[in-house]
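Okay, so here's just one chain, in structure tokens, the form predicted on its own.
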């Protein structure tokens, strides 16, 4: 399998835009979680990629943010698995896929999959992942329209995941992207994370501290306000208040920490499952 090591066996550096570089946040978190004795999720592919890419992932070191990212990812995994249990040959679309490995974690042998991201990220992704008859990779912005036609070529029903991506878009662009999905794919599921204004401000402070160029651009204090875009809430959760069925499967260390974390961070890390309106 082609990787990012050069002919001498060393790591090969990568060049990504400022926002695209944030893909290393969830990648490092999943690799770190995999190394634990009782991980919430296992992602050996993330460990492999961290080992082959020359990038200072230590800037995304261990801490509360890493656990929050892993919990968010695992919650979305649980929603995708539930969707596939009901629609085993449906289509899942990863918006801003980065170096995510959700397909490897949930593949049931019949699902169809579309991985969408900007061209520089997709160029990196292709070093580790190959397309197949059920899996397609698309290099485009979520604000483009051509990729929507690619999705329409895949069998429905559809599940769109936008994890850790829309927050980097201005509010009007995030709303535009969601409105297009709602209009083109009635009855589809859409999972996305949102953050209030006070957390956006803290992210800006942290970005300065860590010398990160990427800044969040969109805050959303109430995910239900997005229903005006043509979607309705199916399930409202947060990283500190995960879905009940999911919570029961958490490792003990997470179950013990969640009550305290919820008192400190309630309403800060929302993740919501929507269904687009039927026409």
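Positions refer to the first chain, counted from 1. Just so it is clear, the structure is predicted and the values come from calculations on it, not from any experiment.
One more form of this protein, predicted together with a small molecule, exists but is not displayed; see below.
Relative to the small molecule in the predicted complex, residues 178, 188 and 276 are all farther than 4.5 Å at every heavy atom.
Note on the partner interface in the predicted complex: the residue among 137, 78, 141, 150 having a heavy atom within 4.5 angstroms of the small molecule is 141. In the predicted complex, the small molecule lies farther than 4.5 Å from every heavy atom of residue 128.
Residue 23 belongs to the set of residues with a heavy atom inside 4.5 Å of the small molecule in the predicted complex. By the criterion of a heavy atom within 4.5 Å, residue 74 is excluded from the residues contacting the small molecule in the predicted complex. Contact check for residue 90: no non-hydrogen atom falls within 4.5 Å of the small molecule in the predicted complex. The candidate stretches are 196-204, 129-137, 106-114, 168-176, and the one lying within 4.5 Å of the small molecule in the predicted complex by heavy atoms is 168-176.
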